[in-house]
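Here's a solo chain for you in structure tokens, the form predicted on its own.
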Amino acid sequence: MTTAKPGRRGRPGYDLESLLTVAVKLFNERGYDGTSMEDLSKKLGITKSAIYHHVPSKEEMLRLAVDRALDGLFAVADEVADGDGPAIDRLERLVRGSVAVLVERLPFVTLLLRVRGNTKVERAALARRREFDRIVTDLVKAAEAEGDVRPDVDPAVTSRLLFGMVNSLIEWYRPRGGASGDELADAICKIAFSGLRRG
């Protein structure tokens, strides 16, 4: 498979990183299928051949973008897996770390959560998302076995509800003037791990 070369430069003013930023913005606005290379070249003010100097295809741009989100999430999952302590604490660290990735890489995570499996790249991204979901579910199961999570809700449902809360941030969170990533993580963890009722 041909991949883009991160250090490669083309026309002045654009490198792979800035091109990817614009592409992800358009993919999020118009949908991946609804964005053509012609749309990208117009938005960037460069020719399609100048884009191809950086990246071989639109699909490769999508792969780079969703991998940016997935690599961040899996880095957090690996860190949690290598850690020690009760499973409930590791689950909370995973939630907090995932919120940090979402805040830091918001456009990329937004795109990841909108892929539907229409291309090979999208199907690969969905497979990695399922793998991440399994990691979360396994942590919930471990926390349940340790007596820290209620046993009357299916662990897979618990993990989906928990990360449904995290993933909903893409719909309403705006970096400017909003809560910080730490404040968002605190709010989600308080609701998820302590509940809404006052003690």
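Don't overthink the numbering: it's just position in the shown sequence, from 1. What you see is a predicted model; the values in this text were computed from it and never measured.
The same protein also exists as the form predicted in complex with a further copy of the same chain; that form is not shown, yet it is the one meant from here on.
Using a 4.5 angstroms limit between non-hydrogen atoms, T47 is distant from a further copy of the same chain in the model of the complex. With a 4.5 Å cutoff on heavy atoms, D148 counts as touching a further copy of the same chain in the model of the complex. Contact annotation: M165 falls within 4.5 Å of a further copy of the same chain in the model of the complex, judged by heavy atom distances. For the chain shown alone, R123 is not a contact residue for a further copy of the same chain in the model of the complex, no non-hydrogen atom being within 4.5 angstroms. Taken together, A77, V103 and P107 are entirely out of contact with a further copy of the same chain in the model of the complex: none brings a heavy atom within 4.5 Å. Residues placing heavy atoms within 4.5 Å of a further copy of the same chain in the model of the complex fall in a single listed stretch, namely 169 to 177, out of 169 to 177, 50 to 58, 63 to 71, 36 to 44. Contact residues in stretch 107 to 140 (any heavy atom within 4.5 Å of a further copy of the same chain, taken in the model of the complex) are R114, R116.
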